[in-house]
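Only one chain is given next, in structure tokens, and it is the form predicted alone.
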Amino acid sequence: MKLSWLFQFIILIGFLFLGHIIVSLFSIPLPGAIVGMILLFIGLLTRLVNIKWIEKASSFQLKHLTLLFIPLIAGLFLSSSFLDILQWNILIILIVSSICCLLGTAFTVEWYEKLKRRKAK
């Protein structure tokens, strides 16, 4: 069953709001978005949520995710207090963590592609 793009987006927003509601009701020290993502992940694992129900909307969001960070990063660099907090140790941590993130992503994608090719044979 394929759902419309708008209904898929509503499902994703629903998990976001559910996460916020749970966090506010139980005073969980986590952001509501994280709890919503965990609930969505559990729903996908238990097959309560079919991947096809959210596939289009989630692919669209992942495709354009970097656009959402551009105003934040530009605002951070234009802030006068950013230069005060930027020190060499923080800069080194940012560079090393960025390299680790890139390598982790690259190895994960490579592993996934190998797994996908093996299943296709």
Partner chain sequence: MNIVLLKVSFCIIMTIACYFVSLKIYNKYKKNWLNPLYTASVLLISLLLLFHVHEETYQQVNFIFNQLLQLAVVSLAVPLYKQWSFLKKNYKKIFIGVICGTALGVISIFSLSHLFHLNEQLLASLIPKSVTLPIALTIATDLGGLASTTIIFVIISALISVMIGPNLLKYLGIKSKSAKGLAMGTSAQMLGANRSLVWGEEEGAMGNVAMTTSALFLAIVVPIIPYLL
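So that the term is clear: the rigid core is the largest set of C-alpha atoms that superpose within 1.5 Å between two forms. Positions refer to the first chain, counted from 1. What you are looking at is a predicted structure, and each value in this text was computed from that prediction instead of being measured.
Note that the form predicted in complex with its partner chain isn't included here; everything after this is about it.
A.B. asks: Is the gap between Leu12 and its partner chain in the predicted bound form 4.5 Å or less for some heavy atom pair?
C.D. replies: Leu12: contacts its partner chain in the predicted bound form.
A.B. asks: Is there a non-hydrogen atom of Leu25 within 4.5 angstroms of a non-hydrogen atom of its partner chain in the predicted bound form?
C.D. replies: Looking in the predicted bound form, residue contacts with its partner chain do not include Leu25, since no heavy atom lies within 4.5 Å.
A.B. asks: Does any heavy atom of Leu103 come within 4.5 Å of a heavy atom of its partner chain in the predicted bound form?
C.D. replies: Contact check for Leu103: yes, within 4.5 Å of its partner chain in the predicted bound form.
A.B. asks: So, Ile99 and its partner chain: in the predicted bound form, are they within 4.5 Å at any heavy atom pair?
C.D. replies: Ile99: yes, in contact with its partner chain in the predicted bound form.
A.B. asks: Check each residue of 104-121 against its partner chain in the predicted bound form and list those with a heavy atom within 4.5 Å, in sequence order.
C.D. replies: Contacting residues: Gly104, Thr105, Ala106, Phe107, Thr108, Val109, Glu110, Tyr112, Glu113.
A.B. asks: Once you line up the core, how about Trp111: does its CA shift reach 2 Å between this form and the one not shown?
C.D. replies: After core superposition, the C-alpha of Trp111 moves 2 Å or more between this form and the one not shown.
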